[in-house]
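In the block that follows, a single chain appears as structure tokens, in the form predicted on its own.
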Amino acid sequence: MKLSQYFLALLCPIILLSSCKKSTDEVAADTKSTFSIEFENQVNGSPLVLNTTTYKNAKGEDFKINVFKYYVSNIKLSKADGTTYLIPESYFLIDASKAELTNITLKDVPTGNYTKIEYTIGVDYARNFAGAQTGALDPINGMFWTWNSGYIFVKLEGTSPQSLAPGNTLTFHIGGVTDPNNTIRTFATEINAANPLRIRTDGKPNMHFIVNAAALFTGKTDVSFATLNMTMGGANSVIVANNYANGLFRLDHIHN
């Protein structure tokens, strides 16, 4: 009898612990919560330091970056069963010069486990022609072409000794939404099923992305600053957009 009581006393905490673990991972129906995304800007694995640090492109040419800004929009989450959730009005401007603009918060997201995330690099066609807008899409942010009626999706400015432009400047303003010079690109990545994005009412997970600014200059086409040092839409912007479509973002980890 005493032996039975001993085993029962030993077993109860284990049962209680497993029960607690199960309950904390349960998803309440029809509930919503919040998560955040951090964008860590780098250049080929090194921290992006504006104005002072010298980097090399795929051609071995030196360059510095003074401005690095880009739009992330129309964020969509998917579950393992194929159901998706498009976060409404998800337009964000990421600016490497402002730490507060490298972290974004997504609110009122249905709870659940998400195994994929995708988003637009830039701004969708409709919002390019929607007139005066506010927030991240406000023209005051310096990401709107008043002369071309459209948004700059990715802006990188800097210098390179190899640039033949006045002052050895680099000016890459990537935008355009009409063929053959459409530069809207979509990024998508699967999330490890063993550690999905867990949206819960009692937690606020964080996704951490590495953003490689050098991806503008390599991928499908290695860019030499001696021949391409300025683009503001058009065919050369398509070359750059095709480069960064797959190399700009990488999901590094998730803190659930």
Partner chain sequence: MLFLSIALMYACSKNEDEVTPEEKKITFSVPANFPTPVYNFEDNKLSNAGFALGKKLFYEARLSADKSVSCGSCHQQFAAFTQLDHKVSHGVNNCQGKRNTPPLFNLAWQKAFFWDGGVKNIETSPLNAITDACEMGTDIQTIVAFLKNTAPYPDLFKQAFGSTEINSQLILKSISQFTAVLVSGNSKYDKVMRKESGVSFTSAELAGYNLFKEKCTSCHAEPFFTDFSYRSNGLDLVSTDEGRSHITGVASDFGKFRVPTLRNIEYTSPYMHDGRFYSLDEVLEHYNSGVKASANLDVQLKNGILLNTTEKEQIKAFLKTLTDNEFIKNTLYSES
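Residue numbers count along the first chain shown, from 1. This structure is a prediction, so every number in the text was calculated from the model and none was measured.
What follows is about the form predicted together with its partner chain, which we do not show.
The closest non-hydrogen atom of Pro161 lies beyond 4.5 Å of its partner chain in the model of the complex.
Proximity of Ala130 to its partner chain in the model of the complex: non-hydrogen atoms within 4.5 Å are present. Remark: Asp138 counts among the residues lining its partner chain in the model of the complex, judged by a heavy atom distance of 4.5 Å or less.
Of the heavy atoms in Thr83, none are within 4.5 Å of its partner chain in the model of the complex. Stretch-level contact check against its partner chain in the model of the complex with heavy atoms at 4.5 Å: of 142-150, 70-78, 115-123, 85-93, the positive one is 142-150. Contacts with its partner chain in the model of the complex, taken as any heavy atom within 4.5 Å, map to no residue of 31-58.
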